[in-house]
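Coming up is one lone chain in structure tokens, specifically the form predicted alone.
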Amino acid sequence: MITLSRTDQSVFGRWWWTVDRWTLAAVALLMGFGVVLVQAASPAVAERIGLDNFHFVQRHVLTLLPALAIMVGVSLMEPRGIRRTALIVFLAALALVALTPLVGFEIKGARRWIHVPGISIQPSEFVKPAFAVVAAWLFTLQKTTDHIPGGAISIALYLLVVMLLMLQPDLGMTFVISAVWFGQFFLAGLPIVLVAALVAMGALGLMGAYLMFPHVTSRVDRFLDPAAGDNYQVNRSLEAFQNGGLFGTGPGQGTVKMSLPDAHADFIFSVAGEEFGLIWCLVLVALFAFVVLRGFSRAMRDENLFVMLAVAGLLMQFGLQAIINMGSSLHLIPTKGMTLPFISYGGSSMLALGFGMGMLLALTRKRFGAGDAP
């Protein structure tokens, strides 16, 4: 058995004694739950579309392994390395997002995916965590230097990201990135008048999306008035929670997944509700809440403004994505195709989450000495 002493000065030894092992354990549990739930939900979906029963399970595990490797590898970095890596990933992913309307392929009326040799990826998933860190860096430069207009650069990049995302269109991703960026803007202590103006612009943007995009109009109308259209997936999702009750029907015993089109992805929380019941659903919610609250607790104790803003952005993104997925499944908000972090099937999402969580673990590590300046 290999043991690590506190005096171990190897890279892995220093990492093990400085990383937040409680957050690491919570993420590992989420990954484990994800494998179990994809195993429970995906065979019915695979069979309906003529694939091998274990097609999605195998692909999920094959994606989970590199995501785990990315998470651990990125978490070994120091804050300076995180900033540089986030900038490189952001620029590369943004370039691919710009190319997606031209060379990407369309699924369900949206052009968000692009073929890279051997795989298909959704570049916007990688923009999401990378931009949170880049924005934190720019806001920090705005507060700590006089010669770099970090705030203005951040606003320009944000508008560019939103414009490219709306060309796809991807309102859900735009909403998450906007909410995180507005939150970081507020935490950075920038002019409150500008914050209020941006919030007003965000509200106008949501109204504009409702008026301009028919699919957004339909989803909002069906949420406000269930009789306004087809709510098949939502109704089946709610039926799953009713069937599950407190303790669930048992692993593999659910029936709603047989007719729920996105049971392994956007509505995997419904499968958890039916087969594992309210108790295990609350355990999942508690794990997400634990990661978010513990991360904020560690970030608030850090005197480095960049670390605080970057961690806050990554945590808001992680928590908001979970809330949107679970809220859609429970008909608490209009339906939105967004994965449940580390639970749902989805290659690009899983890899991007591994990258984002790796940066979070790196930035919340215990650090001693210099080297963390903006």
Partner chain sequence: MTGMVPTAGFGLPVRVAPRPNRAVHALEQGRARLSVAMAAFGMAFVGISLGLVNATVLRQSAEPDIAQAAPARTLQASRADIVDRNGVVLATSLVTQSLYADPKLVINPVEAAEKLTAALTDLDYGDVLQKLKADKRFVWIKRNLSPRESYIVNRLGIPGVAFQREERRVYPQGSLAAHVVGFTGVDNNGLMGIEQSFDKELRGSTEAVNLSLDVRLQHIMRRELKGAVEEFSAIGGAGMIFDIRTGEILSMVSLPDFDPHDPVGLDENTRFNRNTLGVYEMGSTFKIFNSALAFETGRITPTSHFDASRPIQVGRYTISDYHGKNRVLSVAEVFQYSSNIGSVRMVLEAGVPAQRALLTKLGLTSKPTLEIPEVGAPMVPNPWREINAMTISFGHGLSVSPLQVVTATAAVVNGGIMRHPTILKRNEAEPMSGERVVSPATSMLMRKMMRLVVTEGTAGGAKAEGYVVGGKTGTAEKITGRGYNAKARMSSFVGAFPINDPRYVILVILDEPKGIARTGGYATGGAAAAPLGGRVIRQVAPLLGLTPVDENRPDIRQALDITAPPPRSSLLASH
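Numbering follows the first chain given and starts at 1. Remember, it's a predicted structure, so these values are computed and weren't measured experimentally.
The following text describes the form predicted in complex with the partner chain, which does not appear among the structures shown.
- The closest heavy atom approach of residue 323 to the partner chain in the model of the complex falls within 4.5 Å.
- Of the heavy atoms in residue 255, none are within 4.5 Å of the partner chain in the model of the complex.
- Although the partner is absent here, residue 239 lies within 4.5 Å of the partner chain in the model of the complex, judged by heavy atoms.
- Although the partner is absent here, residue 249 sits far enough away that none of its heavy atoms falls within 4.5 Å of the partner chain in the model of the complex.
- The listed set 259, 85, 304, 217 contains one residue whose heavy atoms approach the partner chain in the model of the complex to within 4.5 Å, identified as 304.
- The contact residue chosen from 209, 92, 199, 285 relative to the partner chain in the model of the complex is 285, the criterion being a non-hydrogen atom within 4.5 angstroms.
- Annotated contact segment (heavy atom within 4.5 Å of the partner chain in the model of the complex): 275-283, selected among 199-207, 168-176, 68-76, 275-283.
- Each of 142, 327 and 332 places at least one heavy atom within 4.5 Å of the partner chain in the model of the complex.
- Contact residues in stretch 163-186 (any heavy atom within 4.5 Å of the partner chain, taken in the model of the complex) are limited to 186.
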